[in-house]
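For reference, the chain that follows is the form predicted alone, supplied as structure tokens.
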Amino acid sequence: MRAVVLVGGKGTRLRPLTLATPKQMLPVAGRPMIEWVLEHLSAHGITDVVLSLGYRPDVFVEAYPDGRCGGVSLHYAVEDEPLDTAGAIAFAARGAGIDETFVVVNGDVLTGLDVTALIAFHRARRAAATIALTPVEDPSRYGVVPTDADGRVTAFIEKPPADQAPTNLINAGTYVLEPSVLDRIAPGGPVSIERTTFPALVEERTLFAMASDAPWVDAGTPATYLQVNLDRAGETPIDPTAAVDASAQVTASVVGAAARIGSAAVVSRSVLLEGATVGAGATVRDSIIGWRAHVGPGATVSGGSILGESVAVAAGETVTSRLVPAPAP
């Protein structure tokens, strides 16, 4: 089976890390996020993936020059202009000649969803499209999807106020689509699958959804990106090429290749990307230190701060709940 993976966004919520690097190429526990996504698809019988690209497509192409990643064959569909979700799916699928049932996933969603079961559910109901659902505490950031007893979607409500949401089951960003859905998506301009395509299928009673309580995270925010790194780090979160002084305290953190942590430094619930350095006596808590960024001796970085590539925090300086450099207004 084939799949379209949406990776075209600029990842603005994760700036400054994404100023030059696409979100899905950011490392998660030492490997690019996209590799986790594709390996999961491969485990469920996906053999061929079309990456729907927009922002910095060259980074993906250069990273996987042989057209293989995560056990699947890769193809690339590069948008000249943003086409929104449905437009991007149709552009990629048409360009790849997809003419049978296919899977769509958002490339910044890391999940343990049983994709095989989702495909079987879709086929059993002869659906035009099927959405994976997941429960969340606050559904107001997402598309809320109430269904009937058979799983037929009765409404598709995009980002409702929390006190008006009819369910806490939200669109989890994995779909199974029939090629007939592509006929609904006009070529040449942006179309939203959440606001245009899915509501039309609700009217036709051909949109279904399957709920799952499998692990799920939208890794596109600083807090969730940090958490997914910690969750997936396993028992060896310190890269063997990193140098950690024996007197340093490193707890619940991911330390990347060639990173260095000085004497008496404290690093807690944080991610140090490749080449990052933390000076003697410095403290890093609940933060992300970018590639080759430097936290000077005695400095403190905390409160969900993100240091971009090669940023330097001076000795003794305090950085709390900041993005450095700050995103442009």
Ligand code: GDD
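Counting begins at 1, following the sequence as shown. Fair warning: this is a prediction, and the values are worked out from it, not measured in the lab.
Here the subject shifts to the form predicted in complex with the ligand, a form of this protein not shown in this document.
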In the predicted bound form, which of the listed residues (S253, N171, T111, T197) lies with a heavy atom within 4.5 Å of the ligand?
N171
With the ligand left out of view, choose which of D213, E204, D183, E158 has a non-hydrogen atom within 4.5 angstroms of it in the predicted bound form.
E158
What stretch, of 116-124, 254-262, 102-110, 237-245, brings heavy atoms to within 4.5 Å of the ligand in the predicted bound form?
102-110
Should L53 be counted as a contact of the ligand in the predicted bound form, where contact means heavy atoms within 4.5 Å?
yes
Considering only heavy atoms, tell me if P82 and the ligand come within 4.5 Å of each other in the predicted bound form.
yes
Determine whether any heavy atom of G308 comes within 4.5 Å of a heavy atom of the ligand in the predicted bound form, and answer yes or no.
no
Taking heavy atoms only, is Y175 within 4.5 angstroms of the ligand in the predicted bound form?
yes
From first to last in sequence, which residues of 1-21 have any non-hydrogen atom within 4.5 angstroms of the ligand in the predicted bound form?
L6, V7, G8, G9, R13
